[in-house]
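Just the one chain here, laid out as structure tokens, in the form predicted alone.
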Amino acid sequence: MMALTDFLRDVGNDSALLLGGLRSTLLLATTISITGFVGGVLVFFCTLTSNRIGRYWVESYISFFIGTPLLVLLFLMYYGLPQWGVRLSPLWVSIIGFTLNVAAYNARYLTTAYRGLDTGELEAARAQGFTSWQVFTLITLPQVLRLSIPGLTNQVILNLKDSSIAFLIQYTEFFAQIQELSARNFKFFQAYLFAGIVYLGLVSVIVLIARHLEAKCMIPGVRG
């Protein structure tokens, strides 16, 4: 009990640093969720091209970033690019690296949903004179977004949890501050348990929002 009391006192003493790290975590997770979503929609749109070469390169992009460990990409950008005279801050390396990775996953979710659409509806729209962009924005995208809500929201949760690896490239987010705290007081178990509880609380909030969003977007009588 005394050890817990001492740890909570340490948390209180370092509350400003921990809150600053938490803000950095939320900044990164929110940013990459937005940029990764927009990038995923753009990549998904490119997969619909009738050009075989174009589709090949888009599919190669998706396969590469899904198949490559994110940490390798972050290390390559943060530690490798300076050898070529390109130096980026830890935040920008994280945003760019995560965005490339998340966009590939989101594009895959959208592509999977697209395969379940009624092709007759799309062909009817084209027969009515709709342009490819109109078919995409008015018919295809709204439907695939609704069907992809579980996958997209799960990706947001992964973005939050995966943001913790950014401390390995010197980005001082929440987990980095927890590392600093545990290194000073040697209460590693309490520190990592506390971090796990905080992340669990944040994930729980996202899950509640996701369930509400799914319920709002559900079409009566149709299971997504």
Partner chain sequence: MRFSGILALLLEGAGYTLLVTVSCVITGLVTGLGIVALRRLFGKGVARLLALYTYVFRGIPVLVLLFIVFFGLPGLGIRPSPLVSMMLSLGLVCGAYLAEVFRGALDAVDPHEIIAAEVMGLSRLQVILSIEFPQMLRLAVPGMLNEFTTVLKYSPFGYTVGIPEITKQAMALASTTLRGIEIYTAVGVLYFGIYQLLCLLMRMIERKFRVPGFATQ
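If you're wondering where the values come from, they're calculated on a predicted model, not measured in any experiment. Numbering follows the first chain given and starts at 1.
What comes next is about the form predicted in complex with its partner chain, which is not displayed.
Does any part of Tyr79 reach within 4.5 Å of its partner chain in the model of the complex? Heavy atoms only, please. Contact check for Tyr79: yes, within 4.5 Å of its partner chain in the model of the complex.
Contact with its partner chain in the model of the complex for Glu180, defined as at least one heavy atom pair within 4.5 Å: yes or no? Glu180: no, not in contact with its partner chain in the model of the complex.
Quick check on Cys46: any heavy atom within 4.5 Å of its partner chain in the model of the complex? No - in the model of the complex, heavy atoms of Cys46 and its partner chain never come within 4.5 Å of each other.
May I ask you to state whether Arg55 is within 4.5 Å of its partner chain in the model of the complex, using heavy atom distances? Arg55: no contact with its partner chain in the model of the complex.
Does its partner chain, in the model of the complex, lie within 4.5 angstroms of each residue among Asp14, Trp92 and Ile95, using heavy atoms as the measure? Negative, none of the three is within 4.5 Å.
Judged by heavy atom distances of 4.5 Å or less, which residues of 179-213 approach its partner chain in the model of the complex? Sequence-ordered list: Gln179, Phe188, Phe189, Tyr192, Leu193, Ala195, Gly196, Tyr199, Leu200, Val203, Ser204, Val207.
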